[in-house]
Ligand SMILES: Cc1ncc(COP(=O)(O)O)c(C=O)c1O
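Shown below, as structure tokens, is a lone chain in the form predicted on its own; questions about how it binds or moves come after it.
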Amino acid sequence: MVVNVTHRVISPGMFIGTEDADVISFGSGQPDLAPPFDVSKVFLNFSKFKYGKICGEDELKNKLRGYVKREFGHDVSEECIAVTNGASEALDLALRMVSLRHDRKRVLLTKPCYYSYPHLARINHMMPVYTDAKINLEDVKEKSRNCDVMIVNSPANPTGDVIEKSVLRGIQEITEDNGCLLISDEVYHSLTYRGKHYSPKGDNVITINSFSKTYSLCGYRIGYVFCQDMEFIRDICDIKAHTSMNTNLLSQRVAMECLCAPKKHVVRNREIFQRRRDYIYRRVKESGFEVEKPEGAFYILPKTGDSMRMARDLFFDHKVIVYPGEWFGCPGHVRLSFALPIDKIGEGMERICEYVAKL
């Protein structure tokens, strides 16, 4: 990995996709675990190299329809599902459509939140408005009156919080009453360590999901979006036809094979991440940081003080990647991903402790 160290500047873009044997990365949220089957088998028999359908291949959408009903309790037709190049494209397309259809040009976000949400809002000519990640329904009621859409993320990045079922239902009812769409980003749905995942339902709900976290397919860029509004899906596919066109066909085939894999693979992975969660939480607490125990996903967000300085120093001086809280709207914290083996977590925590001891 080649990095310009002259100004000691860090950004998400310089870390995503980089690999260095000497660096311990608590950075990018990508599972280190393998997909549920030998992906190379798909390559041997794959021969579809022409353009595919903009909204996704029929066979995959048929599988997704059953999966969505079984895992999330949503009964949607195949026409109400669009397959996208990762959840990121699904979010972008949904916000583009909201921006084109509505006049208020505001999106309600929690703070902290996934670092791309505010940027996607601004790219689509919308203004971010914030409510606390510890949801107060009265605040949501007041602020969503002036918003076209609200984004909720449960389990959440960067906090690992899981929003209670009753609260999600309250958010759905409030936003619907206020004429506000609700985008539910559920890419970590398979990584809930307390209770069962709940997916909000309603005519105003747009659900975003991905194969990246559940099936370890981050680099294959395969996600999907579904809702009850067939016209909304058709319109975002019209946009997609002029931007990315069809989603990668090979990735779609791999995704379909993942849906055919035994559910025990997903259960086993969740158990692995839960053990890692328990380990890193203990190590972070023992190191003297104030931190809450994550209830889902694979992130932990300790309180640190000057997090930008800490992230820069750890990377350039100790070869450890952490993400500063400023990127997520929570300065004074750093986000650590525990999507890496326990021995690497332990080594990384030793380096962090060495850094802290020198301050």
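Throughout, we count residues from 1 along the sequence that is shown. Given the structure is predicted, the values throughout are model-derived calculations rather than measurements.
What comes next is about the form predicted together with the ligand, which does not appear here.
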Subject >> Partner-facing stretch of 281 to 289, 80 to 88, 235 to 243, 159 to 167, counted where any non-hydrogen atom is within 4.5 angstroms of the ligand in the predicted bound form >> reply: 80 to 88
Original post:
Taking the shortest heavy atom distance, is Tyr117 within 4.5 Å of the ligand in the predicted bound form?
Top reply: yes
Original post:
Just to confirm, Phe26 within 4.5 Å of the ligand in the predicted bound form by heavy atoms?
Top reply: no
Original post:
Taking the shortest heavy atom distance, is Ser216 within 4.5 Å of the ligand in the predicted bound form?
Top reply: no
Original post:
Is Ser210 close to the ligand in the predicted bound form, meaning a heavy atom pair under 4.5 Å apart or at it?
Top reply: yes
Subject >> Selected contact from Ala255, Ile183, Val140, Val187, since only one has a non-hydrogen atom within 4.5 angstroms of the ligand in the predicted bound form >> reply: Val187
**OP:** Just give me the single entry in His265, Arg96, Arg276, Arg221 that has a non-hydrogen atom within 4.5 angstroms of the ligand in the predicted bound form.
**Re:** Arg221
Subject >> Within 295 to 318, the residues that have a heavy atom no more than 4.5 Å from the ligand in the predicted bound form >> reply: Tyr299
